[in-house]
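One chain comes next, on its own, written out as structure tokens in the form predicted on its own.
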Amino acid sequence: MELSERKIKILQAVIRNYLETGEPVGSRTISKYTDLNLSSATIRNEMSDLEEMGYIIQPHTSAGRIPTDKGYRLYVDNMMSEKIAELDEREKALTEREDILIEKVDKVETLLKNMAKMLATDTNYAAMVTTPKHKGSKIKFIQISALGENQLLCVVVSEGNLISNKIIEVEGIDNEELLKLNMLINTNLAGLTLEEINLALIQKMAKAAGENATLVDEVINAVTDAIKVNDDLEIYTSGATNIFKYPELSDTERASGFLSAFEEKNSLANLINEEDSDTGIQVYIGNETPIQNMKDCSVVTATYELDDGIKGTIGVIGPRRMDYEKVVETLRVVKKQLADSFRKKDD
């Protein structure tokens, strides 16, 4: 069955009305809500077709209809393609307010916590903001130098010019051996990601290092510490209790499951995308959500990116009937402002 323009308009009217009221929508309401000038009987027929196609459902006999995940998905996809230009026009006021927020803080931790609170307050949903981290960071350079008679300093420089230092205990190594070790390490590791350093490569380097083979393992450990991502990930959250404002999420079982997932860093880490969409915004609706205890919710995330591929995630979690337009608009502004603020701190 073809999804005609008329059906699309009726579906959009059902969704918009349900987003506002949270109540099933009937044909009489739609007849007043659209500019189609159709009778209630005609709208009922179209709504019946939309139900058969899986875009809306009738939760109770003789009740109106509510959108399904499939219906929300069509609505969101259309909105994302049609509304971007309009969002660009309206983001100036939001941007000015976020600029004021950013100017008032010096510490990154405080900035991110404030952003999470602001998102929760502005949207009336739950919000999360992660610290910026490298995704698949490459090694740029490794420098091993003598620190003392029995100590070496291993300096690892990774993408984004992030620097990590580690002290390595040794029994003794002369300058010529140290020079050869530096050449061996950089020749084999520079330009690689952590995932590209395999056992065969490590064994090859250890063999070439000869008596200094144990130092290769120490350097690999230093590299791992320098560019690891998940262990140090910080996620700041706010607005968890906002879910109690929405009846469909506020019953004891759903609320308990949501709060449990929202408080677990490992759970929220599932919302952090390695790959970004064309718009920089990812929308999960209902069962699309990668967290089991959030299957009754919708989640909208955005990736903010700094120089050299350093990325962080901001997200908003709410009911399926969230105000997607407002959330997308807000996240687009916040991701831009976060990126700008970090660059200002580097200047």
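Since this is a predicted model, take the numbers as computed values, not measurements. One-based numbering along the sequence shown.
Absent from the display: the form predicted together with the DNA. The rest refers to it.
- Contact check for Arg6, Arg44 and Gln58: all three have a heavy atom within 4.5 Å of the DNA in the model of the complex.
- Mapping the unseen interface onto this chain, Arg320 falls outside it, with no heavy atom inside 4.5 Å of the DNA in the model of the complex.
- Proximity of Leu306 to the DNA in the model of the complex: non-hydrogen atoms within 4.5 Å are absent; the residue sits far from the partner.
- Contact annotation for Ile310: none of its heavy atoms lies within 4.5 Å of the DNA in the model of the complex.
- Proximity of Ile15 to the DNA in the model of the complex falls outside the 4.5 Å heavy atom cutoff.
- The candidate stretches are 23-31, 310-318, 281-289, 296-304, and the one lying within 4.5 Å of the DNA in the model of the complex by heavy atoms is 23-31.
- Although the DNA is not shown here, in the model of the complex the stretch 189-206 places no heavy atom of any residue within 4.5 Å of it.
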